[in-house]
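Read the single chain below, which is given as structure tokens and is the form predicted on its own.
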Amino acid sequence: MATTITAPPTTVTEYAGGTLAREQVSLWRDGWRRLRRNKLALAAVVYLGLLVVVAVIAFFWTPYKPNAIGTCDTYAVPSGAHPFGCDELGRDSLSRLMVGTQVSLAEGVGTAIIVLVVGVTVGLIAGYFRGTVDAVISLIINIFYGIPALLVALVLVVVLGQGLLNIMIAISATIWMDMARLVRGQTLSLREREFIEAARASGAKSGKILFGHIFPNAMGPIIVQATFVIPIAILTGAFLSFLGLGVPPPQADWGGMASEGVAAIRYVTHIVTFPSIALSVTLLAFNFFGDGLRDAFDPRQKR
């Protein structure tokens, strides 16, 4: 009796003759199947989708002009006309919260893009060329790890100046090392695989091997790591804004809104409460989504 051996995971297909055969399932298809089983991750996807919709709507419409002073009474409590109340200058908090969504998502996604570009490139080079190149890059990474991340971000913001792009650069300088180390490890593993040896034997150049063969095969862990970069960037950006080093006023962002409400927190709490809730729920959503992706694409979770 012949036995057919296939690599998991597989799906079973039934033919007319009653014979069962196993069909190979791709990594991405299997990952999506596993992700759909994670209820927290799906709930996070729904919430993040709604957050993106709010950010897009805020480009074209808000209940009131977000920077208009005197829209309502100073420290007005939530009401039908102003569901989230007003701040110390009589600006509508809901409108500013909607605009702040744009800033927070931009900080998170923009930082993730910078970290991807820097971390992936550095990690690929270190893992592929090894030797002196790897030793120098690893030394630089260890030096960055030895400097307090918040100190680096604060110094860079002071040197570069306030502004959304400068904030993203400052935050990226504190967290690119994790991505670089991850990609370096993936590259060290993949560079010894048969298909890489075949590419070298066929005369493929290093750039083609790195970005045409190794990088696509390491995409799963890279995407998972990028989803964890976003909440770190959002939280750090909010903290910088809370310290007065975020986006310059009167631009609204969640950390700045919370900072403005601290002075009157004994009398009115809604100014701090709503941006804090938005920030907390968003960070949880990204973490739940990242955990779901990690479980979906972690080979150790396969059965």
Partner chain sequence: MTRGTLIYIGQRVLLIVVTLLVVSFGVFAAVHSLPGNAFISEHLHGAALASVLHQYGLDQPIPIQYWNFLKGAIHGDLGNSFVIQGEAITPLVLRELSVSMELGGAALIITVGLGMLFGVIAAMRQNTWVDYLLTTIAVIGYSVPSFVLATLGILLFALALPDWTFSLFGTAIGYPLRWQGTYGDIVQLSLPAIALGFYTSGQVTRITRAAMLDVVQQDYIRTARAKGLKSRVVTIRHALRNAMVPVTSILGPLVVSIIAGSVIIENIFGIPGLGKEFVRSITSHDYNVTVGVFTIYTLLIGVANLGVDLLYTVIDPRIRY
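Positions refer to the first chain, counted from 1. Predicted, not measured: the structure shown is a model, and the values here were computed from it.
Omitted here: the form predicted in complex with the partner chain. The next part is about that form.
Student: Whether 47, 75 and 164 jointly form a contact site for the partner chain in the predicted bound form is the question; each needs a heavy atom within 4.5 Å.
Tutor: Heavy-atom distance to the partner chain in the predicted bound form: none of the three under 4.5 Å.
Student: In the predicted bound form, is there a heavy atom of the partner chain that lies within 4.5 Å of any heavy atom of residue 79, even though the partner is absent here?
Tutor: No.
Student: With the cut-off set at 4.5 Å between non-hydrogen atoms, does residue 266 touch the partner chain in the predicted bound form?
Tutor: Answer yes; at least one heavy atom of residue 266 falls within 4.5 Å of the partner chain in the predicted bound form.
Student: Is residue 52 a contact residue for the partner chain in the predicted bound form, using a 4.5 Å heavy atom cut-off?
Tutor: No, residue 52 stays farther than 4.5 Å from the partner chain in the predicted bound form.
Student: Answer for residue 276 alone: is it within 4.5 Å of the partner chain in the predicted bound form, judged on heavy atom distances?
Tutor: Flag for residue 276 set to yes.
Student: Answer with one of 188, 152, 199, 94: the residue that has a non-hydrogen atom within 4.5 Å of the partner chain in the predicted bound form.
Tutor: It is 152 that has a heavy atom within 4.5 Å of the partner.
Student: Among 115 to 123, 206 to 214, 86 to 94, 153 to 161, which stretch sits within 4.5 Å of the partner chain in the predicted bound form, heavy atoms only?
Tutor: It is 153 to 161 that comes within 4.5 Å of the partner.
Student: Is any part of 204 to 239 within 4.5 angstroms of the partner chain in the predicted bound form by a non-hydrogen atom, and which residues would that be?
Tutor: 235, 238, 239 sit within 4.5 Å of the partner.
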